[in-house]
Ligand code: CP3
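Okay, here we've got a single chain as structure tokens, the form predicted on its own, with questions on binding and movement later.
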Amino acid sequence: MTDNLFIKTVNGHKQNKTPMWIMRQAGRYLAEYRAIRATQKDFISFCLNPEQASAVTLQPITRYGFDAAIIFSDILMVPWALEQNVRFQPNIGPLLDSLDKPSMFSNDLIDSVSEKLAPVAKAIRLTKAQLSPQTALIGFAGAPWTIITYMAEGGSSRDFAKARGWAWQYQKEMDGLLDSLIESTINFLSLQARAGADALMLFDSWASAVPAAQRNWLVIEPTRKIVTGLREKGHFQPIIGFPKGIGEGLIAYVEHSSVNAVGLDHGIDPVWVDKNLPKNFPVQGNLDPLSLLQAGPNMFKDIDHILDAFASRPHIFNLGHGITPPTPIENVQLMLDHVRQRHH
């Protein structure tokens, strides 16, 4: 792995080329993805079909030569394995059977997580066998707070009132639920690490919903416990945290969560980030995915702004959130070419 641009960067060593990959790079904007998706009966069984999950993981690498592949899976695989009736409805998104309160969750399924999610490990092994050593493979999971929002609301939400209400009303039960999800997530990421993932990523997609006073409790501490748990199991792959929308809370997150690198959403100013994070701390991001719809002069200007802001620290170029389905494939190539032409 030592000649891997992405791994060197995420481990804190600035390279003269900026490695890049993009979130949701194996997805609906690619015709070759849609062709395989059409053959799968539902999204969860697609994620749990090792051959097909591996095939779509490799598609953006074949097409664009990104420096990292991310295993095709979903942040809701853990609640699915914990029997929260996760399913995906076209044009609506994920649905779960919502819980009235955190104490309704039963702990007795945690030990079966690794067994139920074993197909993800198989997909990782199949993918690793086909990737060149120059391309890293990322395994991932959803972070506990983000999983809790889905379990409370029964799907996505605009203001997460129920999950946030739980945090004020049921503190002790919330602690219990957090512990269950921390343990389940460690098991799932450990499974991926053992299967050969070169790096791991923790998506806290709804960190923005957490009040500042509760960030340490709901976002930072669970992340730290997951990282510690993985290290105790002997996994030393770099771990990227993505606390989307955490704002100035990023400083405390980087200081206390034990992650090796941090993903940045497009709402955060790269100049501020560079000024406020420790000198060589690796960052990933953070172009607005919607800039790719036009790929006009403003997109190139923003790419340059991001690259300039991080010129003196380890930086992985990425989007600030997942690429959107209507993105023209040629615009992804334009973005890639622009980043690759700019070597610091």
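Since we're looking at a predicted model, the values are computed, not measured. Residue positions are given as counts along the sequence shown, with the first one as 1.
The same protein has a further form, the form predicted in complex with this ligand, not shown here; the description that follows concerns it.
Q.
Checking a candidate spot here: are M23, F43 and S205 all in contact with this ligand in the predicted complex (at least one heavy atom each within 4.5 Å)?
A. Result yes, every residue of the spot touches this ligand.
(Q) Within 4.5 Å, heavy atoms only, which of W80, Y253, F140, W166 is in contact with this ligand in the predicted complex? (A) It is F140.
Q | Residue (of P133, P211, G93, G234) lying close to this ligand in the predicted complex, criterion heavy atoms within 4.5 Å | A | Comparing distances to this ligand in the predicted complex, the residue within 4.5 Å is G93.
Q: Consider H305 of the chain shown here, and say whether it contacts this ligand in the predicted complex, taking contact as heavy atoms within 4.5 Å.
A: Heavy-atom contact with this ligand at 4.5 Å: absent for H305.
Q.
I'd like to check something about Q192: if you look in the predicted complex, is any of its heavy atoms closer than or equal to 4.5 Å to a heavy atom of this ligand?
A. No, Q192 is distant from the partner.
(Q) Would you classify R313 as touching this ligand in the predicted complex, given a 4.5 Å non-hydrogen atom cut-off? (A) Contact with this ligand, no.
Q. Looking in the predicted complex, any heavy atom of F66 within 4.5 Å of this ligand?
A. F66 lies outside the contact set for this ligand.
Q: Pick the stretch from 70-78, 213-221, 181-189, 254-262 whose residues have a heavy atom within 4.5 Å of this ligand in the predicted complex.
A: Result of the contact check: 70-78.
Q: Pull the contact list for 33-56: residues with a heavy atom within 4.5 Å of this ligand in the predicted complex, in sequence order.
A: Read in sequence order, the residues that approach this ligand (within 4.5 Å, in the predicted complex) are Y33, R37, F43.
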